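As structure tokens, one chain now follows by itself in the form predicted alone.
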Amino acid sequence: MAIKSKPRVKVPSEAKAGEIVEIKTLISHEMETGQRKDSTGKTIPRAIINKFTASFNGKTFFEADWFTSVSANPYQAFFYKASESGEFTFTWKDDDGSEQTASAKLTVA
């Protein structure tokens, strides 16, 4: 299943140098485990987002490997220590190789 939904990210637009900011992400996805059966008794193939990556100005600072136990519509929150202005890039990768990205800018005053 290709990732079709637009991810949502919540990043403060401004922060002071050295401030720790919370980043929240959410993406709509069924996260099918491959353990359920359809109405005809056939196993529904596994289709999950298996990798989440967060980068700032091109440098990865957070990665998460997700498995079948992650619920539908995965939410991920984490913290980042602001030191310079720049752009965050968030990437979700699916089992079939498809990707969805989102970005947000942060200004450090």
Partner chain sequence: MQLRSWTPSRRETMGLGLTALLAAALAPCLVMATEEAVAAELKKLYGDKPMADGKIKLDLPEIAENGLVVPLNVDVESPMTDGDYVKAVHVFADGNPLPQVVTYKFTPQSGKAAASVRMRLAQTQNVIAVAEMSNGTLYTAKAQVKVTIGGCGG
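Residue numbers count along the first chain shown, from 1. No experiment lies behind these values; they were computed from the predicted model shown.
A second form of this protein, the form predicted in complex with the partner chain, is not displayed here; the remarks below concern that form.
R8 versus the partner chain, in the model of the complex: is there a non-hydrogen atom within 4.5 Å?
Yes, contact at 4.5 Å.
Is K16 one of the residues lying within 4.5 Å of the partner chain in the model of the complex, judged by heavy atom distances?
No, no contact at 4.5 Å.
Does the 4.5 Å heavy atom contact test between S55 and the partner chain in the model of the complex come out positive?
Output for S55 is no: heavy atoms all beyond 4.5 Å of the partner chain.
Enumerate the residues of 50-87 that have a non-hydrogen atom within 4.5 Å of the partner chain in the model of the complex, in sequence order, or give none.
Heavy-atom contacts to the partner chain in the model of the complex: K51, K59, T60, F61, F62, E63, A64, D65, W66, F67, T68, S69, V70, S71, A72, N73, Y75, Q76, A77, F78, F79, Y80, K81.
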